[in-house]
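Single chain ahead, written as structure tokens, the form predicted on its own.
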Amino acid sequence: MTDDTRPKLAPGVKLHTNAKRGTVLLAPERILELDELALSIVAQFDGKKRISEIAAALAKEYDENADVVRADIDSLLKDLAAKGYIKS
């Protein structure tokens, strides 16, 4: 994915907060539990923000190198796309 990719959740997929599991990704007949970092990333997937913008914002928020954050985003995007949770 490029810096200009604007990821968003796939149709039928949404973030859902559950008292027992916390915030999860819900898809038809599937649930994916997210850790804190994954949730911070996925919450930015609105189809409007570019990956470069998401990486810059999260790098600032977590006081981390933007390249490290970008690598985390790329890894998560690849995994979620393969499972059908996002589209770009």
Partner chain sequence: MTDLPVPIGLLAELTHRCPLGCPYCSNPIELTRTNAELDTKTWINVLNEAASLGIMHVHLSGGEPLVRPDLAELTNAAHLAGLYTNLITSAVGLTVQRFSELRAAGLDHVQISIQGVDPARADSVAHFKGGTRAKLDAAKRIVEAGMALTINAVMHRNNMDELPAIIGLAENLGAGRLEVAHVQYHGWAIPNRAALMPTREQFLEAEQIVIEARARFEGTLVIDHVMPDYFAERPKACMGGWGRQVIVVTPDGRALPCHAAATLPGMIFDNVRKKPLADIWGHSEAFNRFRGTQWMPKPCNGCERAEIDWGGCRCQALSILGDATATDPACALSPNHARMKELASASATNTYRFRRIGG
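Numbering follows the first chain given and starts at 1. Remember, it's a predicted structure, so these values are computed and weren't measured experimentally.
The form predicted in complex with its partner chain is left out here; the points below concern that form.
Interface residue among 57, 43, 27, 37 relative to its partner chain in the model of the complex, by the heavy atom within 4.5 Å criterion: 27.
With a 4.5 Å cutoff on heavy atoms, residue 81 counts as touching its partner chain in the model of the complex. Contact between residue 65 and its partner chain in the model of the complex is not found at the 4.5 Å heavy atom cutoff. In the model of the complex, its partner chain lies within 4.5 Å of some heavy atom of residue 87.
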